[in-house]
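Given as structure tokens, the chain that follows is alone and in the form predicted alone.
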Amino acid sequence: MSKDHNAQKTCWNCPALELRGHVDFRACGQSMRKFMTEGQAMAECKRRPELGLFDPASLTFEECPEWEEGPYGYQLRDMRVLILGIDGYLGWTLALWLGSLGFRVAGVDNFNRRRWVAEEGSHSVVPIAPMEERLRAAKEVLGIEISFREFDILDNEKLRQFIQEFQPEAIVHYAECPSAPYSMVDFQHAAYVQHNNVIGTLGLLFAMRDLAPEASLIKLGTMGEYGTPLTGRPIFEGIFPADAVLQWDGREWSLGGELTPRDPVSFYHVSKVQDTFNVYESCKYWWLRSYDVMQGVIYGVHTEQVAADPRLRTRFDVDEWFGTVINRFVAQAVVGIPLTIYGSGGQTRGFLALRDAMQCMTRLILSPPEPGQYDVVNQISGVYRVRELAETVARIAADEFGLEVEIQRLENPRVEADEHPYEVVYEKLPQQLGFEPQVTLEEEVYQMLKLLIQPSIRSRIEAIRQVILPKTRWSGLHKEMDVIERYKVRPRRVVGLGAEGGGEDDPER
């Protein structure tokens, strides 16, 4: 894995940068540095006041003693990272991951994810401990001390107080309701999801403007913002490349630097699109810096840290509202429910294993954008059709665990094309940030089956089997879907699994 991707980043990218001068360069708009030549702006360092005023372009991460070489690039010593939504599937995993790398971690949560899942009559099939026990175990087992506060980020006063107290140098925003089906239940659910997500993010942006303008924001978006363009045009990384053009009526215009079209696929995804514009405009207005992470479907259960002790496990949902496709397939295979694909199963999406997602987030934290810069990364490691995923899970379950697995095609509760082109551009993480996937789909499916087949967890899946199959239709009707077809997949030996299998997971809604 490349470790020097950020070695030549300069103080412009460092959250310890404190600009000084007589000109309000914020009026220049996005990424002020592009409006300047070297030496036009002077700065001070909040960590190294002995430097006095200096040119921010004159010092690289590699040259600065505050930045030390680590496994994922140069790392700011004791870097303070605030995770919003720390109790969730990704938030808790990332907190332990960063803590093990030497980051100072703080987190906020109001435990809504636990309540939303309970509303469906479900629970995490991998038992998760109360937060007090999680924090205690993190310190006892891993030597990680996490500063935690319980509150809703919609309480802007409490959010501002905690930001002022902790003074984060990076903020990871996972504190949103992440379920498309939940947002499509009825008006109340749709309105709640949009209010929770959009207003929560907007309040965070104002708090950052006033209290932590140098911190970088790593905002979790979703590939679902783009939809699946039926024309087959490439899905660029949030912004059109410099050489993109629009031709119409015998004329031609440059599209370079403009936001790419969005076509959200649920009211939840609509909230994410609104977030995109609010974050983009805030970078332009106030010189904030942000990565908008268009994340694919995360799958898996494993990182070294969450597997270190049962009290450190992260949640794993498989219900129709919050269980994502690969995770749900594995749970269905374990308890003998036919794996459910919608329509033909030709829907194509980008996917990423849990451990690989943690690596990506770490690299983004360590490579902050410049002041005023809004950037987007498409965070996936591979593209699969849903029926291909179901058949992979079925084969591994049968071949490695002797499970009898059927696949069933159901009428599609969503409004989407069953078959469509899907060309995703995902170049920034591997080419600019040194990301190399470490986990294969087959390895992680094996690891999930190995964990979920344990009797205690299998019984937890059995207890909620009535909420695994889809009942929430985009039309507003609530009833089970008709079965179109059932079939079995012929077992085929999967090479390289067994005791050698390893990986992580996370889902997409």
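Bear in mind the structure is a predicted one, so any value in this text is a computation, not a measurement. Residues carry their position along the shown sequence, with the first being 1.
Another form exists, predicted together with a small molecule; not displayed. Remarks below refer to it.
- Contact annotation: the small molecule lies within 4.5 Å of heavy atoms from the stretch 176 to 184 in the predicted bound form, the single such stretch among 73 to 81, 176 to 184, 235 to 243, 133 to 141.
- Put simply, residue 416 is close to the small molecule in the predicted bound form: some heavy atom of it is within 4.5 Å.
- The closest non-hydrogen atom of residue 224 lies within 4.5 Å of the small molecule in the predicted bound form.
- Although the partner is absent here, residue 439 is not a contact residue: none of its heavy atoms lies within 4.5 angstroms of the small molecule in the predicted bound form.
- Put simply, residue 315 is far from the small molecule in the predicted bound form: not one heavy atom of it is within 4.5 Å.
- Taking a 4.5 Å heavy atom cutoff to the small molecule in the predicted bound form, the contact residue among 303, 201, 290, 324 is 324.
- For the options 219, 269, 355, 363, the one in contact with the small molecule in the predicted bound form, meaning a heavy atom within 4.5 Å, is 269.
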